[in-house]
Structure formats: structure tokens, C-alpha cells
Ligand SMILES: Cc1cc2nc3c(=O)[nH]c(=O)nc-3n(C[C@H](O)[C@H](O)[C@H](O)COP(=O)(O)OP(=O)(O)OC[C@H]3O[C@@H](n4cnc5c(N)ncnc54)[C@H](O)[C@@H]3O)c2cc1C
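Take a look at this one chain, the form predicted on its own, written out in C-alpha cells.
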């Protein structure tokens, strides 16, 4: 009995190991992490940690004693470089035998492919080391250019602006957060950031970065413009880590494919978290999706553990996500792709509203800005299959919870 190897010690990896124990599994568990720290939370890196409101000690998911008490061997600062059937090799030449494998390898940042992208002063934000470098740089840097108007870029832009730095966000598409929220929410965030002193450039790409003495000094744009920059943060998305899976012979078209039980195509191999390509939560013939959120990582890892342990899987959950940008809290429940109708409740001008997404008359998702009550109502409705017709949702004179149809 050689046990279970979990590769990747992020949120999904920790949850997989812990859930195995909670499922009654007694086989040895080895949890491998490439970073030297105890496994930690990533969401605060672009929020409280970057702003200095949270320190590194408060990021840890569990204490070292927690893993030891549960018989989970935690190995940090060592990376798996090769996998074969029942055997793994680390970058230190160590071999680890296993009977069952969990791939919770996450994703890596997408790099900017333009001249000058390797200059000093160009940052990415994915792990604690990235956040430490960026936090130090922000303490004495002006001006700041953020490339990419997604969650990481806008959260970091908010922190930089709160520290008094001149900030410009450059987004190649026609709206902010375009893959995640309704157009009305995109427009709201463009205006909200502008009101807080952030310059937002849409439909604008980056052609090159210039510098002197090896350090970035300016950003060249597709419209011919040029921005001064002492610091550039690149936030243009992530790519799933699939190289270990492909080395095992798995085809990985945009992620590691898994089924509803988090199984891969290989016996005794499961996967969870940002690296996976999973069935769409609503079914209905939708294409498989990658869901990048802590909630999905935790739930999918719990499912993977029950699969390995041979016990019943937990009830499916509605995907949800949040983002803190200045004093704006965005909460999303459900997946909005393909929506053909949007109902807005509240007042975007007052910075408190919710956008409900419908497709073929059925509620799909909600984007709630400083509107936690509406977020919770929609999240529960989606989880229970309770109907909330668009015609009812438009009745803004009544609380949303009173409009649900049993």
C-alpha cells in the first residue's frame, strides 16, 4: 500500500488531502507543493495582502501541525517534474511511488508577448513571491500601467490608486471583465474606476515596452500612443498547467478533462481546481468549462476525494465568485455565458445594484455590486431550482426573495 500522491498544494490540493481523511480513507497521503511556504490562500494576494492589510501568516490555509495530526505528509519547495504509472520524480531527483494520483496543479500566468516584456519593473501576480515583489515596488513607484482589465488587474489597480499612484488600465477588448459579467456591469466598473482616478483605455492593445538601463519606462499602444510607466502589471489571464497530465498520455484541450466525479480518463487519477476542464454545471448540452474560483476548487477537490475513497459524492454546488475593488464588492453566482436577457435591480449610479442573467427565460446567474441580499437570493434559487421569472425580477418595488416562485 503506497498511498495517494496529490501534486499541487494550493486550495484544491489541501482540500483533496483533507477530504480524503474526512471520508475515512486511511491510506498514506503525500501532498507536494513547489513553493517553500505552507499552503496559503491566493485571493487576498491582489486584495488585502497587496494593500498591506493582511500579513503572510494570516494567509496559511492550515498549520503544519494540522497536516501532521492527520497523517498527511506535506512536502514543500519541491516540484514534480515527471510522472509515470505509479511513480513520480521530483526536481531533486527523489522518486515517489503511489497507487492513486490527484492532479491539483493549478494554472500559470499568461505572458505578454511583446518587445520589452522582460524588463525590470514588469510584474505578474499569481503567487506569494509575485505579491511580495509587487507590494515592495508599489511602495515607491509612479506611475503604474495595468495591462488587462480582468479581476486581478482591476483589484491591483484599486490598491495602487488607494496608495496615491497614477494608474492607467489598458484593456484590449471593448469592456472590462468582459468574460465574466454583464455589459452593464462592465460599463459600471469603467465609470467607477474613472471616478476614483484610474484612467481606463478600452479597445487598446500593447505593442511594446521601452526602458532605460534595463528598466521599464514606457508602454507603447496600438493606437500609436505612449504611456509613461515606472511599473507595469500584466494581468491577461492564466493558462492551466497540463504538462504532467499530457506526460501521462491524457489529451488536454485547454485543461485536464474530468467528469462529474473529477475522474480523468486514467484509472485512479483525479484532478481538481483551475487546471481542469469540467462538465458545465448546468448540463444542457453546454461545452465543458474551466471555472477559476476558490469555491469550485474546494468543491471539486471534495468530489475527487470521495471518488478515490469510494463514497458518495457531495451535492453539486452553484459556482460563485467575489472581487473587492476599492469599496466595491462584486459577488457572482452561476455562469452567465449565453445569456440573452439582463434584468437590472437597484441603481448603478448609487453603486448598489444587481444584474440578473436569463437564457430562454430561465435564470442563469447574477452579478451583484454591493448588493449581498440579491446575491444570496439568486445563489439559493439556482441551488434549489426555484424559479425567478424575469417579469417578477423587474418588480423593483419588492425584495427579490418575495418574488421567488415555489
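Note that the structure is predicted; figures quoted are calculated from it, not measured. Residue numbers count along the first chain shown, from 1.
Same protein, other form: the form predicted together with the ligand, not shown, and the subject of what follows.
Of the stretches 227-235, 115-123, 164-172, 79-87, only 79-87 has residues with a heavy atom within 4.5 Å of the ligand in the predicted bound form. Residue-level contacts in the predicted bound form: of 146, 332, 152, 177, one residue has a heavy atom within 4.5 Å of the ligand, and it is 152. Of the listed positions (34, 343, 339, 381), a single one reaches within 4.5 angstroms of the ligand by any non-hydrogen atom in the predicted bound form, namely 34. Among residues of the shown chain, residue 297 is one whose heavy atoms approach the ligand to within 4.5 Å in the predicted bound form. Contact check for residue 400: every heavy atom lies farther than 4.5 Å from the ligand in the predicted bound form. Remark: residue 293 counts among the residues lining the ligand in the predicted bound form, judged by a heavy atom distance of 4.5 Å or less. Proximity of residue 219 to the ligand in the predicted bound form falls outside the 4.5 Å heavy atom cutoff. Taking a 4.5 Å heavy atom cutoff to the ligand in the predicted bound form, the contacting residues in 27-59 are 32, 33, 34, 35, 42, 43, 45, 46, 47.
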